[in-house]
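Coming up is one lone chain in structure tokens, specifically the form predicted alone.
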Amino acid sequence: MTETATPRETPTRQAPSETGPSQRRAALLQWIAERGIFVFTALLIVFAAIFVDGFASTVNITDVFHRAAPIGIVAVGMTFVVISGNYLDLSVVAQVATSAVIFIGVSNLYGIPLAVGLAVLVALLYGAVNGVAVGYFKANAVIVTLATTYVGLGLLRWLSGGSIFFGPPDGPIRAMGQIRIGPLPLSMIVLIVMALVLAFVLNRTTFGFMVRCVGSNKEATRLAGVSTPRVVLGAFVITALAAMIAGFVLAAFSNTAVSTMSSGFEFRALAAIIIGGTSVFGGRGSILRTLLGVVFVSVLTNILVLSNISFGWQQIAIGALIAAAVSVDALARRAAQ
């Protein structure tokens, strides 16, 4: 008699029905890093509207967004550099001031079209120098952009003599700074349009996809046949053009321009980018979240001003927020791994 052997059943591993504590912690950190800005911004605005006297007035809210627009425009542009894995562009300080001085100084003598054309050329030069040095020569982005900051501001002060340039009180630049569409100032409209355009570029174009790829894994992207130096160059050019437009908006807002007018823009823009959830390690970020980061930082600053908190404590608060956002991002990455 022969006995029919039945095949042994190989035990199969069942996936755990519940996630463990470490997985839940990783998911929470990831959610805070990428989505927390939506909740935190809403809570901050509600808190300010209820407990801070004068915050909810139309005049104050309009002024908050009016003043936030130049930094916001810089931030949505610099988001491309950060996502590409190059930390930040320090030279936006020089770029914004140069753009503003050209916009008013040259337009006073030769008209706005020539001033705009010259500002575009200078912006492209900034973007090309930074992009080539970082992308093609593999130089450190912080060192390169620090160098172009000093060179750019030095040239601007030398050529302008450190003078303050004023636009005509009834001129077109002054009129641009006073235009409103409904309750929104023109500066806010420009910021919204810039954010929409750059969000489309980042999320719906091949270039935007490549920026994320370079930030996530530059070597793998290069081996896939992508010209990573060209992508980095494009990111710096976008940042420079955004800084140019921010200079126009800043000049129109005050109808003045001077080489020191954009001091601190680089770190305030970086604060908005990081608080908005864009990773300083590259590869992950969102224009919309950067925009919310701008709103969060601007509203927080306004709350501190209305509460008569000194400027030093305002800087401490922003610095603490940056440290917290970077820490959450680092912990989220470690937990995910």
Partner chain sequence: MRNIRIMTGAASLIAIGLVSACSSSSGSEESSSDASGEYEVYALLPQGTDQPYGTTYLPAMEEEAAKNGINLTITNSQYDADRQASDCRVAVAARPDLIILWPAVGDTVRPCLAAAQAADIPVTVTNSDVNPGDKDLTAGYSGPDTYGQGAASAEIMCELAEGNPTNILMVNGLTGNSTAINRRDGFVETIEAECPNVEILAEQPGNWNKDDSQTVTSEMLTSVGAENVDGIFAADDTMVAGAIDALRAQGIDPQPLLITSIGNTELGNPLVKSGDLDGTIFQSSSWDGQNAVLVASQVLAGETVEEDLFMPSVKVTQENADDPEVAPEW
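Here the structure is a predicted model, which means the values were calculated and not measured. Numbering follows the first chain given and starts at 1.
This next part talks about the form predicted together with its partner chain, which is not shown.
Notebook entry, point to check: Any chance V59 has a heavy atom within 4.5 Å of its partner chain in the predicted complex?
Noted result: The answer is yes: V59 has a heavy atom within 4.5 Å of its partner chain.
Next item on the list: Would you check, heavy atoms only and a 4.5 Å threshold, whether F311 touches its partner chain in the predicted complex?
Entry: Contact with its partner chain, yes.
Note to self: Is I112 near its partner chain? Define near as a heavy atom within 4.5 Å, in the predicted complex.
What the structure shows: I112: no contact with its partner chain in the predicted complex.
Margin query: Check S187 for me: does it contact its partner chain in the predicted complex (non-hydrogen atoms, 4.5 angstroms)?
Written below: So S187 does not count as contacting its partner chain.
Next item on the list: Select from the listed residues V237, M261, L118, I192 the one whose heavy atoms reach within 4.5 Å of its partner chain in the predicted complex.
Entry: Residue within 4.5 Å of the partner: M261.
Check: From first to last in sequence, which residues of 144-163 have any non-hydrogen atom within 4.5 angstroms of its partner chain in the predicted complex?
Finding: Residues within 4.5 Å: R157, G161, G162, S163.
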